[in-house]
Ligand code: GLC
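What follows is a single chain, given as structure tokens, in the form predicted alone.
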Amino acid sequence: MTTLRMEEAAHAILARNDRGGYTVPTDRLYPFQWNWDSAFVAMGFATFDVDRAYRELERLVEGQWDDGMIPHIVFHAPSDTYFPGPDVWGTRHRVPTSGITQPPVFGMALRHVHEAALTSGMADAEARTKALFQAALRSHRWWLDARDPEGLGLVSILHPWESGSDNSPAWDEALARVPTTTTTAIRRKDTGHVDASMRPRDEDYQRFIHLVDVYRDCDWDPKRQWKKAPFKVADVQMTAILARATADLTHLAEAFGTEEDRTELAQMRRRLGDGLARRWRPHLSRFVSLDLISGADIEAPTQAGFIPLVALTLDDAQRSAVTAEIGRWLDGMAVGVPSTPAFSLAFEPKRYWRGPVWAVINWLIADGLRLNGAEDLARRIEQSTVRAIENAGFCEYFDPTTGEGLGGDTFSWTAAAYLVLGGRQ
């Protein structure tokens, strides 16, 4: 299929998954609005419809909580094809939402959309960006208050779903301490839409729902959750995305923020940058997350170890180590970067976050490499991603060993990634 035809197909997928100003990741499997999916989707829309890109972000912040948290799911309209639904979360919010969050790509997306609006000469861009800037700033304050109360310069996840990398090998040890008992009856719907071999195992789901039960019993109060959490990980992927989004908000604050906003964002950026920099491990050639319950480094190799490149300027030794390590992960792969490398004992090339390649992760890694002067490797990853989509379609994720498309199909953020990465080729 020609590039033009693929672009038209990507536009068609976003139109097909549009539910009235917000986009579902794909029909039936994910029938609501997901937080970081929508941020990537907004950047995809910005390549051809800036008004609709703004609308995506505006609909997402309809679900923002009074304390600033942007939940990981906003249940704008009912659907019975997904578990756990709003009845399980029991958040009693004015708009039904989940009670946890997701990687804060929002600030990155807002800068991207705003710059596209300026290029297009859009009349109301300033007013729309200004309102969304304030929502983003409230979200970042929530992150540092609720998820870094000890001032480590690292924000924590209290549930693997928050990371976006639900069943990553990075969580295996920490999650093994979470009981498999639940008060909520588990009625998985995902394995009715996608082969079970491509999804998290039942045991993972029991632990996921146990955590939901614990936090619902805390009435979703951040301080009570922090104290009660049986799973608490200072996550370098989450921290890096927040730090990068903070840098993007800092850029926007020159036009839309007060002097106090600019000072606050600069302090946030320093705190997060310093926290991330301390997580570099030269013997692994990547960054590592921290298990706050055991106090141990999480050394399992996953894509998260490379995401800090989006937020940090590496020194020459770090840059050459990281590029060599990513090269090792790409070696022999039909498409990279795998979410877990083939040399890891945990590698499963078809199971969700235990090996498959995700277009949006490649997008972040390539951005980080480019920021750190590794242009050739960034382009190699982007081109490999675009080719995989052209060969296999707009799938949720891809088998790194074969390039086969896996998971859900007609996937919104894969279409968005194609539009952005394809435009760079």
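Because the structure is predicted, anything quoted here is derived from the model rather than measured. Residue numbers here begin at 1 and follow the sequence given.
The next section is about a form of this same protein that is not shown, the form predicted together with the ligand.
When the ligand is considered in the model of the complex, only one residue from G336, P301, G153, G164 comes within 4.5 Å through any heavy atom, namely G164.
Listed residues W220, Y352, F208, F133 were compared with the ligand in the model of the complex; Y352 is the one with a heavy atom within 4.5 Å. Here the chain stands alone, but in the model of the complex its contact with the ligand, taken as any heavy atom within 4.5 Å, falls in 352-360 among 352-360, 45-53, 376-384, 62-70. Remark: Q102 counts among the residues lining the ligand in the model of the complex, judged by a heavy atom distance of 4.5 Å or less. Interface residue remark: G407 is not counted as part of the site for the ligand in the model of the complex, having no heavy atom within 4.5 Å. Taking the partner from the other structure, the ligand in the model of the complex has a heavy atom within 4.5 Å of a heavy atom of Y30. Looking at W36, you'd find a heavy atom of it within 4.5 angstroms of the ligand in the model of the complex. Counting a residue when any of its non-hydrogen atoms is within 4.5 Å of the ligand in the model of the complex, the hits in 403-425 run F411, W413.
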